[in-house]
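Here you get one chain, nothing else, as structure tokens; it is the form predicted on its own.
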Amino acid sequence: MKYDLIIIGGGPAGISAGIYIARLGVNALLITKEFGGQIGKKAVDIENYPGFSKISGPDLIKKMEEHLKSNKIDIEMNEVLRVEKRDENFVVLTKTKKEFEATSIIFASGADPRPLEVPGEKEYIGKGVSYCALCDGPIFANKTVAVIGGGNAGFETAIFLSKIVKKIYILEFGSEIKAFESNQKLVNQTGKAEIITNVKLKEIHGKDFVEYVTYEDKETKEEKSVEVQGVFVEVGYMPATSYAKGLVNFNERDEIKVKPETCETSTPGIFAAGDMNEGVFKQVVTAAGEGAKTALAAHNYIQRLKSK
């Protein structure tokens, strides 16, 4: 079946685009592996999304998903492997070998966790190494864990884990903590966290499961270790842009270049919203706003084509 528009992604950007485009009466399809994106896997309270003084990531996504499904839009739960341009249209190929065609397309699949790229990381995924505290945190009840990353994501993960684990080491590569003061205060109030800066992580060790990590103190060059049963990785995210290669232009961070006014890419008919484009501020509210912006811009693009 051919659509006027296909939206790829089920996070705040994709859902927002879906709500707007459905209300505009466009024949559209939204494809996503799962609803939620990054915030769907974080149980920390969100206190800066309009309309909610405090709400958890999963609860906010649930409300967004319900709102989307109350509108007339087709939804395909699937993974996109590749997008191709054929003549004047775009074809989306999925993991289950389905193909969908559209006049226009919105990329809104967000970003994936950035790996540490240290020995032991891959070997212990699911055996102590985790990229999702909400998913795996309960496994580490009353244990000692390390959170790698001293930004807001790392501190928010530590806040959540403090309700479950016995002790938390927050290991930060830089000499200063980058998390907001409010998050630092909350972590300090738990009484369970020890913050170590100037950390160059060397290796994750263990037998059947994680047992300890080694790191180099960047100031003294001394090698040290801490005993932990879990390692939670929070060192940023990489734009989920692999399926868009060869179609649009990227910057040096592998983010999609867009026009700020419309979020249109270098390819007419393709738009990009949220964490996968080159926007500076990666926030839930900005992702939702860009989703709305791309839907309106895509609608104008489709209408112009139909009027010719």
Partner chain sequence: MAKVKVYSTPSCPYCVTLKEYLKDNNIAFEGVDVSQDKVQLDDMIKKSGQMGVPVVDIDGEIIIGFDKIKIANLLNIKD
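Fair warning: this is a prediction, and the values are worked out from it, not measured in the lab. Positions refer to the first chain, counted from 1.
The discussion below concerns the form predicted together with the partner chain, not included here.
Using a 4.5 angstroms limit between non-hydrogen atoms, residue 119 is distant from the partner chain in the predicted complex.
Though the partner is left out of this view, residue 140 does reach within 4.5 Å of the partner chain in the predicted complex, counting heavy atoms only.
Put simply, residue 150 is far from the partner chain in the predicted complex: not one heavy atom of it is within 4.5 Å. Of the heavy atoms in residue 71, none are within 4.5 Å of the partner chain in the predicted complex. No member of the trio 9, 28 and 55 reaches the partner chain in the predicted complex with any non-hydrogen atom inside 4.5 Å.
This chain is drawn without the partner chain; in the predicted complex, the residue among 95, 221, 200, 166 with a heavy atom within 4.5 Å of it is 95. Interface residue among 196, 125, 226, 238, judged by heavy atoms within 4.5 Å of the partner chain in the predicted complex: 125. The candidate stretches are 103-111, 186-194, 167-175, 131-139, and the one lying within 4.5 Å of the partner chain in the predicted complex by heavy atoms is 131-139. Scanning 10-36 for heavy atoms within 4.5 Å of the partner chain in the predicted complex gives just one residue, 34.
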